[in-house]
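Here we start with a single chain on its own, the form predicted on its own, put down as structure tokens.
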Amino acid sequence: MSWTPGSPEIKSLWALDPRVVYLNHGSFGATPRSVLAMQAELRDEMEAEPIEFLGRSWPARAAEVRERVARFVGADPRGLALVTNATQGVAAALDAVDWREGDEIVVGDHGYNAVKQAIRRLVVERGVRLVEARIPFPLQERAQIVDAFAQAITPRTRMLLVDHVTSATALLCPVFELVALARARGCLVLVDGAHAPGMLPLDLEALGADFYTGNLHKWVCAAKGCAIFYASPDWRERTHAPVTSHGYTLGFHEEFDWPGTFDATAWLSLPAAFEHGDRLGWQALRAKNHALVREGRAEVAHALGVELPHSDDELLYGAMAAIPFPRGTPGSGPELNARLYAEHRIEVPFTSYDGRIFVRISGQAYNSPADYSSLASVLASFG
């Protein structure tokens, strides 16, 4: 299928408000109409006969969807589970480890706050120590990310917790190199791929991490509440679902597939999300999304009169990018976000790192170059 980003035909595939310039696909994604339609049909089916839907047919249908997801992310389906979000996957991985007082977890200082909060709970309850690897930003090369983690590892390090794509700064981390580093130093490794599925091609078996988790409702454009959790063979018998339900001790899938009564239609509508991506072409979609962001970040940076924090190397960013705001700009990130939306109906997040505010843009098929021009024009007047 040949298509142009932001064309009326492509925009019509989503239910987004046409009055809003939507440059924040990275926060919660945006679900296409075709996926919403399939989910609505599934809800009608569920409510027509809840016992048949959630009781009798659910295990087979869950297994079928899981097989499809496993092919997409390059995972052995025996170690893959569906969860509601990546935060749940992180919780499952952290809970699987028999932490000892004084153990250390190394996490990049660009890491996601909810994940750090999960580790802080271990600090309080288990005496674990949180160690942050300081990743330079601005960044010259990917090797600096590996060096930051290598310098943070000590003989007490038990696990590296690595972002595949950082949230605040939108950096792509060299996960293969970081998994190799963990193996060489005798550490476990959990990869938080909250933004990775769909944005990046994945092969979890080749990656070889102990644990991997990632959202499908972001760049796969699934319905809200779809994510994956992967455990390597050594960990499947020792890993339990965050919610203990009827499947406890019965097996990996039995535990994760049934967290208690829930709306299973988000998971079962995943085939429609994959079909949506197949129609656009995953390789073309990734390339066009990256091209939107590449041009958009350059235009916004020029309008703000700032230097970009890293080069145009495609190994450093994908379908998101962070552009620093001029120092001394009045207002906090939330205040800038509220003003931008209230006055101009532009939806884009303002993040922060190391005391500096960044504007984080996303690129998705429904975006056009004009969206970034609108953002650049407005931000230039915010000084």
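Heads up: residue numbers just count along the shown sequence, starting at 1. Values in this document were obtained by computation on a predicted structure and should not be read as measured data.
If you look for the form predicted together with a small molecule, you will not find it shown, but the lines that follow are about it.
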**Study point:** Partner contact for A231 in the model of the complex: the small molecule, 4.5 angstroms, heavy atom
**Key:** no
Exercise for review: Considering only heavy atoms, tell me if T87 and the small molecule come within 4.5 Å of each other in the model of the complex.
Suggested key: yes
Point to revise | is_contact(F274, the small molecule) in the model of the complex, heavy atom dist at most 4.5 Å | key: no
**Study point:** Proximity of N215 to the small molecule in the model of the complex, heavy atoms at 4.5 Å
**Key:** yes
Practice item. Would you kindly say which of A209, V128, L270, V115 lies with a heavy atom within 4.5 Å of the small molecule in the model of the complex? Key: V115
Review point. Exactly one stretch in 296-304, 191-199, 235-243, 97-105 has heavy atoms within 4.5 Å of the small molecule in the model of the complex; which is it?
Key: 191-199
